[in-house]
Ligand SMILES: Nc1ncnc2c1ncn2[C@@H]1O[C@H](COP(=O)(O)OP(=O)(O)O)[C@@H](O)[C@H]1O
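Take a look at this single chain, the form predicted alone, given in C-alpha cells.
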C-alpha cells in the first residue's frame, strides 16, 4: 500500500482550470521531483496536497486513511485542518523564518505551540530535540544566531530543521533553492541528498533538473494542469516518451551531452 495516493485531483480558480485530474502514488522513502514550466500547476498541486487550498474534486489517501474527499462538502474546523497539515512538513522558497527569533527559537516555536495545544508530543526536552535537528542539517553551531546573521542557504536549512522537528510523514519542498545563488543552492541540495539517504519521504517542486535527475526515485512532469509523464529519472531524462517532455528538457539534455 502506498504511503500517499492522490486520485483525480482537480482545482479551478474561477473559469481557469489549473489542475485537471492529477493522480499519483508515493511509496515510503521515495523522493518525488515535480518539474514543469511556470503555470503548469505544480504550486497549486503543492498547496492542495497540504490543505493550503481546497481541491474541488478527487481524493487524497494517506497511510490507508482518506484525509480529503472531494465528494464531501464538510467544512473542517481549524483544529481538524491543523491535524491534517501536521502529517506534512513544509519548506518554502522564501524560508518564512521569524526575524526576531534565533535559529533555535524558530525551530522550537511551533513545537511548543503544538505541545501546549495537545496536538503533538515530543520525546524529551523541546530545546534539546530542536538542537539535534539543527545539528542534523549542519547548524549545531548557529543555535543563537538570528536570521539576519545567516546566509540564505543557512536560513533554508533552519526551515528544513523546523519541518523535520515536527516528525512529518512526508516533507514537501516548494522550489527550495529558487531564492539562492548557485553556491548556497549546493548547501541546500546537499542537505536534501542526506535526507534522501536517510529514507525520508519527500515531494519536491523544483527547477533544479540536475538535482531531480541525481536524487529522485521518481520524476513527474506537469504541463497545462496534467501529469504528462512520470517515471524514473533515467526514463524521464534519458528517454522521455512525450513530445512535451522532450521539448521541456531539451536544453538540459543538450547541456548534459556536451
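Positions refer to the first chain, counted from 1. Since this is a predicted model, take the numbers as computed values, not measurements.
The same protein also exists as the form predicted in complex with the ligand; that form is not shown, yet it is the one meant from here on.
Participant: What is the one choice in 232, 199, 194, 37 with a heavy atom within 4.5 Å of the ligand in the predicted complex?
Facilitator: It is 37 that has a heavy atom within 4.5 Å of the partner.
Participant: With the partner left out here, check for me: in the predicted complex, does some heavy atom of residue 44 sit within 4.5 Å of the ligand?
Facilitator: Yes, residue 44 is a contact residue.
Participant: Just checking whether residue 18 would be counted as a contact of the ligand in the predicted complex - the rule being heavy atoms within 4.5 angstroms.
Facilitator: Contact with the ligand, yes.
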